[in-house]
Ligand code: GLA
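The chain that follows stands alone, in the form predicted alone, written as structure tokens.
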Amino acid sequence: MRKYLFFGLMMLVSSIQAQKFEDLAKTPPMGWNSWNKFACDINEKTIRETADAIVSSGMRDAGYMYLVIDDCWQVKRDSNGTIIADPERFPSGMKNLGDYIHSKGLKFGIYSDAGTATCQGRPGSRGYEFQDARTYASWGVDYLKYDWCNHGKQNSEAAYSTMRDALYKAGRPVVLSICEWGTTKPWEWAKNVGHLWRSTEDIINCFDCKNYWGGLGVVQIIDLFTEIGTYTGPGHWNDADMLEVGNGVLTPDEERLHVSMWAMFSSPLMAGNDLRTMSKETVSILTNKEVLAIDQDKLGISAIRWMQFGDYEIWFKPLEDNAFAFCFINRGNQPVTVDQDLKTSIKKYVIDGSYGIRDLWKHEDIGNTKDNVRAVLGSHAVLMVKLIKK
């Protein structure tokens, strides 16, 4: 009898833990990740200063809550198999660093890999999933980015499910970010495994390009989201990868288009620049609360490409409270003219002439749906509007 009572209790505890995990990421996670700017050149000082900058810049108040340390923080395992952080770069240890991040009102994220080694050759978690999960819990980790290098012949769903189970057993609620680059169509299987999954190959710092190893520019990633939007929603998100805003290559217009479309997709928003030295314009792009609200909309519906005329596209996204967002984007090098009637039916949604139209980048009301939306879009520019019922 005791055995059955104990088993029942353990099942109840497991169910409670799973429910706590399911309550995470009801809107797409927002934060900062070290990789795009710093790659392996990370250390405790940089992370502490970044935590300070998230607060002082207003990014925390805008919703950027997760500070994620990517690859290269780890160097080896000790004789008991416990993962060891680089003692030269992180002399205070990960627990103390996590405490500092938490003291700023932020959440602590870390990186590992489902393979035997990370993408940069550091120790992976294969065979150590439950031990690593306990270690991360003891450090106060709130978010795990879990990569897919050196995975051998593992099945991706099984490998990521093992880490999910390890996190459950460790007992600390952790957002699990699946990062297998969309290679095994995680949108089809990952809803009950992680909270978000990379839907594309790695982003690279360019607007329209593709690298020989598979890295993608902004518009290449946009194209991949035309078919997978139905898989996203509260607690389970298609991840378009980290932002390249503020990294010195994209123009301000391209950066606004970049953020706009990630928001339209309800993608997690992870800044990837040096927050300590960013310009006022970069801050204004990253912290535009009207645009971020589109990303964080509680319905969590991803945009569809409504119309396409060569390099000129119109994207549509339903919002809560019977509101809608539209993005007019110019992917080309020549200006395009917008002259669009938004009184229409799109799938089950009907838009009549009773909506006001607000330009979310200019923070201006620009008319209503009784009249056409009119504008001229420069090269690589965006017009992002919200339709609000009057």
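Residue numbers run from 1 along the displayed sequence. Since this is a predicted model, take the numbers as computed values, not measurements.
Below, we turn to the form predicted in complex with the ligand, even though it does not appear here.
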**Report entry** Answer option from Asp311, Asp253, Asp165, Asp202, heavy atom within 4.5 Å of the ligand in the predicted complex
**Finding:** Asp202
Report summary line: Answer key, the ligand contact in the predicted complex at 4.5 Å (heavy atoms) among Phe90, Phe225, Tyr111, Phe316: the residue is Tyr111
Report summary line: Counting only non-hydrogen atoms, the one stretch of 349-357, 66-74, 323-331, 51-59 within 4.5 angstroms of the ligand in the predicted complex is 66-74
Query raised in the report: Heavy atoms within 4.5 Å of the ligand in the predicted complex: does Phe130 have any?
Result: no
Query raised in the report: Can any non-hydrogen atom of Gln120 be found within 4.5 angstroms of the ligand in the predicted complex?
Result: yes
Query raised in the report: Does Trp35 reach the ligand in the predicted complex if we count a contact as any heavy atom within 4.5 Å?
Result: yes
Query raised in the report: Would Val218 show up as a contact with the ligand in the predicted complex if we use heavy atoms at 4.5 Å?
Result: no
Report task. Given the ligand in the predicted complex, answer whether the residues Glu44, Ala85 and Trp139 all have a heavy atom inside 4.5 Å of it. Result -> no
Query raised in the report: If you look in the predicted complex, which residues in 173-201 sit within 4.5 Å of the ligand (heavy atoms)?
Result: Cys179, Trp181, Arg198
